[in-house]
Ligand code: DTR
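Quick setup: one chain, the form predicted alone, written in structure tokens, and binding and motion questions come after.
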Amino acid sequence: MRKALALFFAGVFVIAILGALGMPRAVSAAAINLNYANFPPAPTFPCVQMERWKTEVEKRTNGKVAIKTFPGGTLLDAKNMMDGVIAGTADIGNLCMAYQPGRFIVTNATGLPLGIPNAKVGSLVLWDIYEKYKPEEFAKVKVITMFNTAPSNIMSKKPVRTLDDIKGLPLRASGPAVDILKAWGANPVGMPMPETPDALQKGVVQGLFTALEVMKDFKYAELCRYVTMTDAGMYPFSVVMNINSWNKLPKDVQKVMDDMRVEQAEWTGVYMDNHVNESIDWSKKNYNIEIIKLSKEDKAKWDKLLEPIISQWIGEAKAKGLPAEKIIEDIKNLTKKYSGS
């Protein structure tokens, strides 16, 4: 008994001495804990890309980093995302820049109706525009990645085949889509996406204008049996990190995240494009929706009506001292580059 007690106290003494000498103690495998806020529901593509990024960072840092994700606005909502990350409410946040057109002028230019064909091209164009111009509005954060949605199209309860069909038609829209619908003579109605199914059932709106993944994700194919392909306008997103949280990271962890910036943009674009195609196929199979494609001549007429939107952006950007025409030219040239044309 005495021998056991002696060994016990000897062990305590050795541990105390080691501690006093500053010897390293065992640390948890995930010593760095980060929070990542997002505003859409978990199954939607911005949250799918969030979970993919989290998984890859944790894997590539060998468990050195643990990231807790907060979808559905449970930590920060869409309106407060940027300022919440700057304030440190979340370490990382995903925001839709299109929801704040006056704040993110340069990057939001990629959401203009400039003929970007898909989300992959749009995401790579967006990243290059950010890298070239480094807009001042991102000076207080670390930009982790950026990506674009697929182009917006009309989903409606009745067919829209001509400009006459869309005149006065109440369609749910948000951000830059509002101006596009106005240019075509529609009646854009602003409302949160979760309220749209009820508004469709009650006849408050007759459809919506956004990327087509929602036909499956929100089951809009049940109510909107017609899709008119306009491919006009996108919603640019960015993922940003609190600058203090970034500066505290070890260099090797920073490198892992930096190395993923373009990769994550492209991955998200490809995922979005594939998901849109899946949504269309699902909608055709389950609800026999009709895809309406405008003739080349009609598409040119629809696009012509959108030119004042681009001109207005140029005027506003120039008033802010930005090289507006050059930015538009860069977007068009990058679109050709990444489209392979």
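Heads up: residue numbers just count along the shown sequence, starting at 1. Just so it is clear, the structure is predicted and the values come from calculations on it, not from any experiment.
What follows is about the form predicted together with ligand DTR, which we do not show.
For the three residues 130, 145 and 264, a heavy atom within 4.5 Å of ligand DTR turns up in the model of the complex in no case. Mapping the unseen interface onto this chain, residue 39 counts among the residues with a heavy atom inside 4.5 Å of ligand DTR in the model of the complex.
Using a 4.5 Å cutoff between non-hydrogen atoms, residue 206 does not count as a contact of ligand DTR in the model of the complex. Looking at residue 120, you'd find every heavy atom of it more than 4.5 angstroms from ligand DTR in the model of the complex. Contact annotation: residue 61 falls outside 4.5 Å of ligand DTR in the model of the complex, judged by heavy atom distances.
Residue heavy atoms within 4.5 Å of ligand DTR in the model of the complex occur in exactly one stretch of 81-89, 131-139, 198-206, 214-222, and that stretch is 214-222. When you look in the model of the complex, the only residue of 75, 257, 96, 241 with a non-hydrogen atom within 4.5 Å of ligand DTR is 96. A heavy atom within 4.5 Å of ligand DTR in the model of the complex is found for exactly one of 193, 169, 183, 253: 193. Interface residues of 227-246, taken as those with a heavy atom within 4.5 Å of ligand DTR in the model of the complex (partner not displayed): 235, 237, in sequence order.
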